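Only one chain comes next, encoded as structure tokens, the form predicted alone.
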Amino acid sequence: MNQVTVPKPPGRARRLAALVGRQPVGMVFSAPYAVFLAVVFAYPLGLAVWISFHRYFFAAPGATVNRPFVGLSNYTEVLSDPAVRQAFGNIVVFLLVNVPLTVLLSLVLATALNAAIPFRRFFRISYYVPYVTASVAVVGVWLFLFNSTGLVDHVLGPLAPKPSWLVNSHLAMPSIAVFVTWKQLGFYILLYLAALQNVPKELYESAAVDGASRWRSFWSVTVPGVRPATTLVVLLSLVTGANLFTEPYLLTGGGGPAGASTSPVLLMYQQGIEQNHPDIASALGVLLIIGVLIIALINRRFLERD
């Protein structure tokens, strides 16, 4: 039998095929999103990196100003600023409270809501409502509950902390972490509910036949079965916590008391917008991105392993 040899396309056509793939129409459909990413994410990130290496400040439109290259001077100033170190320490406290609490509560509640319980649909909607409610409105309710004359302190009486929750330098950031956990819990419950649908029911039946208790079934079947969802929940919680801004800005009046609830993003806003130091704010933002990427890689290393 004679072998048919298919001629190879010319070099230019071969390079074009490698660039656009075997289905060039796919490039057409993905182009709008690629442009969106470039305009909304890539360009601002590149500009922030450029600003972080220059002495940059905002000027009047059309004004010509000198913005010299200063190398790592902005990064040195950021790393030597006690307020920056305090802000990163605050966000570490936030993550230590928020991430474990989010994973634990969302998984337990999702497991309960996945069972055949009365008013299951009502509870599912109830947990999701705070997530879709405007932060300003929810913060107003939280301030009513947790200010020095609020309902929580009134109920606790002499057991209430002095100073109160949001003006206490030791409790301000943990209180914000609990608030964020409560507000975003519905979203993470939905993620776990979707993951629980993929856990085979036969595994629970086998565990029951072997005499496993509910706790043992939860630990040996549910937790390993939703591990990919746990990885996603942890990663999203870390990214959300690293970008914390609205809650300390509204709940504690801009990071009080004495910077105890200031987050790096809030400090970027104060430096870049309020004090007209966008170069310092950009350097802080680049360091924050590097830190989040490192934490994300560690998260993948430990949570995605088999």
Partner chain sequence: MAHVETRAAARQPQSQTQRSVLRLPRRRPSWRLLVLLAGALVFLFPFYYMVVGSLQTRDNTGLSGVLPNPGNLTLANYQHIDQAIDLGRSLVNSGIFTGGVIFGTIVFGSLAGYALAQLHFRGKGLLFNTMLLVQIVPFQLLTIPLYVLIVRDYGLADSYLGMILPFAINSTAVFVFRQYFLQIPRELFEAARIDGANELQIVVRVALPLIRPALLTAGLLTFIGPWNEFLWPFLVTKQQSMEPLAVSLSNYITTVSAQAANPSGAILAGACVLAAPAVGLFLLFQRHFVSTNLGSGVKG
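In this text, the rigid core denotes the largest set of C-alpha atoms whose superposition between the two forms falls within 1.5 Å. Keep in mind that this is a model prediction, so the values were computed, not measured. Numbering follows the first chain given and starts at 1.
The protein also exists as the form predicted in complex with its partner chain; that form is not presented, and the subsequent description refers to it.
Heavy atom within 4.5 Å of its partner chain in the predicted bound form - residue from Arg85, Arg120, Arg227, Arg216
Answer to the contact question: Arg120.
Report the stretch among 96 to 104, 69 to 77, 138 to 146, 162 to 170 that approaches its partner chain in the predicted bound form to within 4.5 Å, counting heavy atoms only.
Result of the contact check: 138 to 146.
Would Thr133 count as touching its partner chain in the predicted bound form under a 4.5 Å heavy atom rule?
Looking in the predicted bound form, residue contacts with its partner chain include Thr133, since a heavy atom lies within 4.5 Å.
Flag Val25 as yes or no: does it have a non-hydrogen atom within 4.5 angstroms of any non-hydrogen atom of its partner chain in the predicted bound form?
Yes, Val25 is a contact residue.
Quick one: is Phe53 in contact with its partner chain in the predicted bound form, heavy atoms, 4.5 Å cut-off?
Residue-level check for Phe53: no, no contact with its partner chain.
Does its partner chain come within 4.5 Å of any heavy atom of Ala260 in the predicted bound form?
Outside the cut-off, so no.
Every residue of Val92, Ser206 and Val234 near its partner chain in the predicted bound form, heavy atom within 4.5 Å
Heavy-atom distance to its partner chain in the predicted bound form: none of the three under 4.5 Å.
Of 278 to 298, which residues get within 4.5 Å of its partner chain in the predicted bound form if you count heavy atoms?
The stretch 278 to 298, when checked against its partner chain in the predicted bound form, contributes Pro278, Ala281, Ser282, Gly285, Leu288, Ile289, Val292, Leu293, Ala296 at the 4.5 Å heavy-atom cut-off.
My question is whether Phe36 is one of the residues whose C-alpha shifts by 2 Å or more between this form and the one not shown, given a fit on the rigid core.
Yes, its C-alpha moves 2 Å or more.
Tell me whether Ala258 is among the residues that move between this form and the one not shown (Cα shift of 2 angstroms or more, core superposed).
Comparing forms between this form and the one not shown, the Ala258 CA shifts below 2 Å.
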